[in-house]
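So this first bit is one chain, no partners, the form predicted alone, shown in C-alpha cells.
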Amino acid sequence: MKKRLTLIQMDVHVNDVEYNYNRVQELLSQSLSENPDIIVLPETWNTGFYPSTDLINIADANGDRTKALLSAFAKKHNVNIVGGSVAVAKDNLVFNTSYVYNRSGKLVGEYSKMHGFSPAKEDKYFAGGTHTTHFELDGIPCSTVICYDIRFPELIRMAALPGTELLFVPAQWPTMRLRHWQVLNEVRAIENQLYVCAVNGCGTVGRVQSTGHSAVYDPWGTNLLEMDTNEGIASVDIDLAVVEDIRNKINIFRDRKPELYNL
C-alpha cells in the first residue's frame, strides 16, 4: 500500500490565535495541490508553544473550534488530517492535544501529550495525558506522540506494540537541539520498525528558534524527506510494504523478552 504524506511546517505566531487559525486554513487549502492522502500539522499551532498562566484564556475551549475546522475540511476534501496539536482548555486545565480525522470527517484519534517539557515549565502549565492513541487511516495502523514524548522509548514502544506502522510526531523543537530531533526520530523508526512522520514548527518564540526540519523516516532509518527552516509544505510517498518486509526479516516484536525487562 502506497500513500502520500503532506507535511505543513508552519510559522506559528505566539498568542495570536486568530492569525494562526486563519493561516492554518490557508496552508491546508494550499496543501491540496500536493494530492495528499494524509495532511500533518505541527504542535500547538493555535497558540504557539508558550507555557504560561495566560494559556487558559486563549486555549481552545474543549477543542471545539479546532475539531470543527479539521472535521469539516477533511470531509469536504476527502482527506485524512493529523491535526498536529493545539492548546485545549478543559475542566480548568490546559492540555496539549492532537486530533485526527479520517476522510469522512470522523474523529478517529485523540491524544494529549504525556511528557511536559520541564525545562520550559510545560509540566507546570499543561496537564499531562494518561494513555496512548491508536487509529487507522486508509487501513494503516497509526499512533501519535508529541514533541518531548519522542525522548521516552518506553512510550514509543507502547505506541508501536499494537502493530502500528506509521507514527506521527508533531513538535515545536528548537534549533539548539536539531541533532537530537534528527537522531531521535531516526532511531525510533529503526527500533520500532515503522515510519515516523515528524512535523515541526518554525519561527521564533522570544529568543528560541523552532528549527523546522520536518522529516519522514522509513523503518530502515532512511530519511525520505527533510525540510529546511522555512514555513512551507512538502510531500513524500511511502510504501507500507516496507514495514511488513523488515518485520519478516528481523522480527523484534517476536524476539522481545518483556518478562526480563525491569523498568
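As the structure is a computational prediction, the values presented were derived from the model and not from experiment. Residue positions are given as counts along the sequence shown, with the first one as 1.
There is another form of the same protein, the form predicted in complex with a small molecule; it is not shown, and what comes next is about it.
Heavy atoms within 4.5 Å of the small molecule in the predicted complex are found in one stretch of 42 to 50, 213 to 221, 26 to 34, 56 to 64, which is 42 to 50. Distance criterion of 4.5 Å from any heavy atom to the small molecule in the predicted complex singles out Arg177 from the list His131, Arg177, Lys106, Lys76. Of the listed positions (Tyr101, Tyr148, Tyr111, Phe95), a single one reaches within 4.5 angstroms of the small molecule by any non-hydrogen atom in the predicted complex, namely Tyr148. For the chain shown alone, Phe117 is a contact residue for the small molecule in the predicted complex, at least one non-hydrogen atom being within 4.5 angstroms. Although the partner is absent here, Glu165 sits far enough away that none of its heavy atoms falls within 4.5 Å of the small molecule in the predicted complex. Though the partner is left out of this view, Thr144 does not reach within 4.5 Å of the small molecule in the predicted complex, counting heavy atoms only.
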